[in-house]
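Below you will find one chain, with nothing else, as C-alpha cells; this is the form predicted alone, and questions on how it binds or moves follow later.
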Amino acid sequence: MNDTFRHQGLRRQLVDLLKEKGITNRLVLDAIGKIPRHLFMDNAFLEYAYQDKAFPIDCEQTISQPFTVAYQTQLLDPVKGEKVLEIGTGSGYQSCVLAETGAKVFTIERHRPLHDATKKRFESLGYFTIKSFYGDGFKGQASYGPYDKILVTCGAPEIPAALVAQLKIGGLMVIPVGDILAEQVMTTVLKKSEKEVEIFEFDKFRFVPMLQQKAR
C-alpha cells in the first residue's frame, strides 16, 4: 500500500480543516486521519485526494467530499459494536470510516462493477469485517437486520419504508432527502416504536440520486 509521509501530512491538514468546519467527533476525525483516501480514487485525481472536494468514480458515481462524510458520520454517531447498514457503497471510503469507529458494517451497492472492485479494495486494505452486497438499497438487507443505525449516502426522494422497518426500536437513520435533481436536506429518522418515528432536518447537501433496483 503506497501511503507516504506526504499523504499522512495532507490527511492531518484535512483533519484540521474539518475541525475548523465544525466536526468534533474524535472517532470520526481519527478515522479520516488514518484512512488513505487517495487509494479510493481514480489515478487522475490522486494529487487532489486530500482536498475537501467530491470527485467522480466509476459508474457515474462520486466519492463524497470529506466534510460530507464526516458530517453524516457525526450525525449517525456510531458506537463500537453497533450494526450499521450503509446504502451506496461507492468507492468504499465511507464504509471504512464507519468500520474505523468500531461499527459492524453492512453495505449495499447497486452497480455490479463498483461492488466487485470495492469488495477487493476492502480486502486489500484489511477491512475483512465489512460485509458488502450487490443489491437494491431501497430494499435494504433484512436478513442481517435489525440494525442499530442506517446511513444513506445518496439523495433519496423519500424515506424508504423498508429501511425504517429494518431499524431497531431506538435506532437512527441518516439520509439526504429531497429533489434528486437539486439539493437534499440531511435528515435523521429516530425509530421510537414500530409505528412512530421522529424526524429532524439539518443542512442541505447535493448527492447522486438514490435509485431503485440493481443497475443493469
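Fair warning: this is a prediction, and the values are worked out from it, not measured in the lab. One rule holds for the numbers: they count along the sequence shown, beginning at 1.
One more form of this protein, predicted in complex with a small molecule, exists but is not displayed; see below.
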Exercise for the section: Just one of 142-150, 122-130, 74-82, 108-116 has residues with a heavy atom within 4.5 Å of the small molecule in the model of the complex, so point it out. Expected result: 108-116
Practice task
Please check if Thr187 has a heavy atom lying within 4.5 Å of any heavy atom of the small molecule in the model of the complex.
Solution key: no
Problem - the small molecule contact in the model of the complex: Gln51, any heavy atom under 4.5 Å - result: no
Problem - Non-hydrogen atom contact Ile35 with the small molecule in the model of the complex at 4.5 angstroms - result: no
Handout entry: Val208 within 4.5 Å of the small molecule in the model of the complex, heavy atoms
Key = yes
Exercise for the section: Select from the listed residues Leu29, Val174, Cys154, Leu39 the one whose heavy atoms reach within 4.5 Å of the small molecule in the model of the complex. Expected result: Cys154
